[in-house]
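In structure tokens, the next block holds one chain alone, the form predicted alone.
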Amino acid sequence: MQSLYVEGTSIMHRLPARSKLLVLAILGVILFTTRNIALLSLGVLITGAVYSSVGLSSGQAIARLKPVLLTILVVALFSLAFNPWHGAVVALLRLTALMLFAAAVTATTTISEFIDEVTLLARPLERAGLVAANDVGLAVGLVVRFVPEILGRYQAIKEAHTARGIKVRPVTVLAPLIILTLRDADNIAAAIDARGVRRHVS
């Protein structure tokens, strides 16, 4: 299984996972409380510089962001269709800045660090009897871990369609992708249960 983590010694790598997640949360709040295009553009430049410092080549860095970037462009186009241009630009800049910093955090934080921090955050909810903190941490870790796997599988299905001369369409690609992903999810859940990792609460 692939991981989004990139080995390195950048400043982002040296920061504790908790600090990075806290900055990401604060950045999200700041970005969504301003509509100033100049400030948002500055945010994109800064987060872009942070992302470019994590040690990925230009091609890898862009390839990782392509699916999310396409989604952001679609959101901006919808916003442009129903709102003044200013609103569309604001949405585009906000989401792009957030995406760049989130990508930098993901590239410099290991899955185990993610799981530890999310588990710690979920402890108060566990004490209230609402969730099992370890399960929440594990679930978030698996989601982060699965992202590159799903993207790689999508690419493989697309290439298989092209090699067979089948026109690549979302419907023909998504169906096998969902089936394969669910099958893997079942296998991983079975493996986790077999090892007694999850703690069931009544």
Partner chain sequence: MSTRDLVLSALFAAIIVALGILPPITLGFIPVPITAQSLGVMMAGVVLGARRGAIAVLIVLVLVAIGLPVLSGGRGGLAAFAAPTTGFLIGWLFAAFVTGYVAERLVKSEQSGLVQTVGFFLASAIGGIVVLYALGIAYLWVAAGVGLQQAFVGSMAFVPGDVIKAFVAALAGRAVMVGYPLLPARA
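Positions refer to the first chain, counted from 1. Values in this document were obtained by computation on a predicted structure and should not be read as measured data.
This protein has a second form, the form predicted in complex with the partner chain, left out of what is shown; the following refers to that one.
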item: Contact of Val75 with the partner chain in the predicted complex (heavy atom, 4.5 Å); value: yes
item: 4.5 angstroms heavy atom contact with the partner chain in the predicted complex for Ala175; value: yes
item: Interface membership of Ala122, the partner chain in the predicted complex, 4.5 Å heavy atom rule; value: no
item: The partner chain contact at Leu138 in the predicted complex, heavy atom, 4.5 Å; value: yes
item: Residues within 4.5 Å of the partner chain in the predicted complex, restricted to 89-128 and counted by heavy atom; value: Ala91, Arg94, Leu95, Leu98, Met99, Ala102, Ala103, Val105, Thr106, Ile111, Phe114, Ile115, Val118
